[in-house]
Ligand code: KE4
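Just the one chain here, laid out as structure tokens, in the form predicted on its own.
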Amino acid sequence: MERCRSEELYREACTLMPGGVNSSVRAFKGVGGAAPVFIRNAKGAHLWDEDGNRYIDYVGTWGPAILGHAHPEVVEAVCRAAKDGLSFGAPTRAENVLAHLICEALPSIEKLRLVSSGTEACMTALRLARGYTKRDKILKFQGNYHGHFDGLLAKAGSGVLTLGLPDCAGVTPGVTADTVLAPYNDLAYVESLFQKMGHEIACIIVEPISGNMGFVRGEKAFLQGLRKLCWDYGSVLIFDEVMTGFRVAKGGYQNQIDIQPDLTTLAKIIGGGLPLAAVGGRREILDQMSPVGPVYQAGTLSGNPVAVAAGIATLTALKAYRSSEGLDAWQQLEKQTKTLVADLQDCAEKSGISIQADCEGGMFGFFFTQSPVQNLDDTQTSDVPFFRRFFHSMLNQGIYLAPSAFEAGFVSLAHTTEDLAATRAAVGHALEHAKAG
């Protein structure tokens, strides 16, 4: 598959932007190759690059494209809103509509604040937790990624893990001094930390399913234990559902496992592909935020009317969706994603290749390893060189996967049985290619 135009554009981009990209993992450093693919347009479950090559897309703009790309109802809503003005810096009725849709889907959210990115939402949630508890320390988990906020880049996932960066230059020891780290899915370790310093810990922030060290599921007993510790010690439990919110279940994974956090961060799907995020939760915590409380937060583009319109259209379409078999949106996504993962496992077994794969709703992941994966250390047993060969073989067959062994993948409602069948066929060939070295 020729990608001459992408290579040409990448050379130009490298003279204009660090690494030729505006988000690190896009540079393909985790998989190698001459250049990342430069995308020209997208529709449904497919992408077309600048050379005219078509791909079945399992990145889905890293999660938001749950309905598929350029969904007509979302595009129409965006165009309609844009005609009325791109930004006002003032309240709009549409913000109320979106807030109602989110609060109805997530019982743990009584109030929320709209912001512009997942990083901003997580940063705001931490500030709220500290302001509410009047404590300094935050507890996060190795391999969980909560955005590029300084205090959360210790042992982070996502691009930090993909690029092999142990921590981040420019983040001072003083900034991370109040960040306490724990292994993911290790409740006993967290309990020991709380026994030592529980009354100093303002909050626990956790991805209930981690999607930034690959797909790694938080065990229900682990998440229930975190909930109880926060209750017992007066700390705030924050679920980072930036990735899992409306992706793995209606509302988020918290609804699936029946655990209510104190605060939730959301992004991606609630913006329908445009920059929009939210932090929401218990009323008494949100009321600590300015202008009614002492915790300051503001943003010129917060609640941007075009992004809000895209979010409303996306959530409304998900709510109304019914398949020809009568399945709702998340049942249909789960059916498709389970088929994809079962095909991966079946092809790997037939090729004699060890694989660990899992999925929830429209989100999935896999590791080329013999051992179950429950935390950051486990992910390091994955055969990354094998993944790189597999990735490029899939790409050359027109299957677009995340360009990293440590990122989750996404299925949309636009993926068809034909797309899944074509993917299965490509997997079989790619595994044999990767095995041959």
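Because the structure is a prediction, the values reported are computed rather than measured. Numbers follow the displayed sequence, beginning with 1.
If you look for the form predicted together with the named molecule, you will not find it shown, but the lines that follow are about it.
- Within 4.5 Å of any heavy atom of the named molecule in the model of the complex lies no heavy atom of residue 297.
- Residue contact check for residue 118: one or more of its heavy atoms lie within 4.5 Å of the named molecule in the model of the complex.
- Remark: residue 251 does not count among the residues lining the named molecule in the model of the complex, judged by a heavy atom distance of 4.5 Å or less.
- Although the partner is absent here, residue 414 sits far enough away that none of its heavy atoms falls within 4.5 Å of the named molecule in the model of the complex.
- With the named molecule omitted here, the record of contacts in the model of the complex names 144 to 152 of 81 to 89, 144 to 152, 171 to 179, 304 to 312, defined by a heavy atom within 4.5 Å.
- Distance criterion of 4.5 Å from any heavy atom to the named molecule in the model of the complex singles out 122 from the list 226, 122, 216, 269.
- Only one of 204, 242, 333, 109 lies close to the named molecule in the model of the complex, with a heavy atom inside 4.5 Å, and it is 242.
- Residues from 393 to 409 that approach the named molecule in the model of the complex with a non-hydrogen atom within 4.5 Å are limited to 407.
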